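As a starting point, one isolated chain is supplied in structure tokens, in the form predicted alone.
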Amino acid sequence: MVMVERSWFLTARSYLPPEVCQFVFCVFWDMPIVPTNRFLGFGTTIFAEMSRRAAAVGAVNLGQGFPDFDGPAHVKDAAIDAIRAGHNQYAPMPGVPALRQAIADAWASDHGGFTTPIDPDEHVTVTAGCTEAIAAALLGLVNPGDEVILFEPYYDSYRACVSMVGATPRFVTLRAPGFTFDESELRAAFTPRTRAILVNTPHNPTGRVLTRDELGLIARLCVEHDAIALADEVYEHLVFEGRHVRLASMPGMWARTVTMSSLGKTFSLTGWKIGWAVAPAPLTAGLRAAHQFLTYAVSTPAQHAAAAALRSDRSYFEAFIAEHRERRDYLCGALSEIGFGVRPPEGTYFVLADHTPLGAGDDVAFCDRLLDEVGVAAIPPTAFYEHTAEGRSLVRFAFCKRMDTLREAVGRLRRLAR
């Protein structure tokens, strides 16, 4: 029932007065009156909500995007070595020098098509995961009343962080089944008040890898409107089709782009929360102004281990892609056999499937049914849309799981076909 109430509230908040929203929110969720409107209507994240419900009923959790296996031994050993070597006090605010150098060296490779030299002292900042980098970039570079363009569906923290800043979001929809955007809609989203656009590629939750042409259009509009770009590239190493291209590599974009990534997705160590931002000095100064008062610094031994991770042999990354491609192909093939409409993702470790052939109402009702009748947790993607009608026919599954886990989930999902 809470899921339905939450879905209704996410839609209603756009046209109800703030004081009415606050009253409804407190009545539905039995919470005291809160002193600010910044987070009104956001409630608990959908990821925490679905993982809690999955644990309560013993469901196979294909909802929240975390692996059910551990990261590589050599990276864990590097963290233990760092602890034993005494790297246990505050790190420098911008990050451990060894990690910042490793990030700069990674950018010096041909990955992402970027060729500008990166100064680890002036251009690289280590953050508490990519999520903090996003918050710090918005807080440090966007003013109240500015507009920020978001592609929907979006990672849920984007919308909350824009609200935190006091900025106004403008939305451009990636529409199923291809999850491309309309050029005229993107052009119309830019106004004289546009300060920033937040671009996620490879894209969660659609699995799209934006093309060079798409990124080129975004770049031209940023230059034309003197806007900055916040590029979330946490899935940069999880590309199955096409090639990841850094937005910062587009003409005129290095000077106006903050590129953010993290350790967790590439090395299956999501609990370490080691992320980073790479940007020219003026944008880095704004981001650091916020970062120093958010977390100041993040785990010192984990940063040393992250430096070792980024210097892993190329064979690690090749095996990483091959293993996730196998998981993707297995789950997408099984979902298609069961009756879902499936477009295999080009990147990330998520698939957005069309559940309507199975006749189960909207996405919230379908995910409730999966938990209650089948014992599988998934994510209803209307939580990632402002225009919720665009996501009601879809459901998000994560395939960053052991093959045994995926087989168990598929065995349960086959009950839908029967």
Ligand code: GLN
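Everything numeric here is computed off the predicted structure, so don't read it as measured data. Don't overthink the numbering: it's just position in the shown sequence, from 1.
Although not depicted, the form predicted in complex with this ligand is the subject of the following passage.
Chemist: Looking at 354-362, 387-395, 369-377, 64-72, which one sits within 4.5 Å of this ligand in the predicted bound form if you count heavy atoms only?
Modeler: After filtering at 4.5 Å, what remains is 64-72.
Chemist: Only one of H304, R328, K265, H203 has a non-hydrogen atom within 4.5 angstroms of this ligand in the predicted bound form; which is it?
Modeler: It is K265 that has a heavy atom within 4.5 Å of the partner.
Chemist: Exactly one residue in F340, F151, Y235, W276 has a non-hydrogen atom within 4.5 Å of this ligand in the predicted bound form; which is it?
Modeler: If I apply the 4.5 Å criterion carefully, the residue I get is Y235.
Chemist: Would Y155 count as touching this ligand in the predicted bound form under a 4.5 Å heavy atom rule?
Modeler: The answer is yes: Y155 has a heavy atom within 4.5 Å of this ligand.
Chemist: Would you give me the residues of 163-178 that have any heavy atom within 4.5 Å of this ligand in the predicted bound form, in order from first to last?
Modeler: Going through 163-178 in order - heavy atoms within 4.5 Å of this ligand in the predicted bound form - there are no hits.
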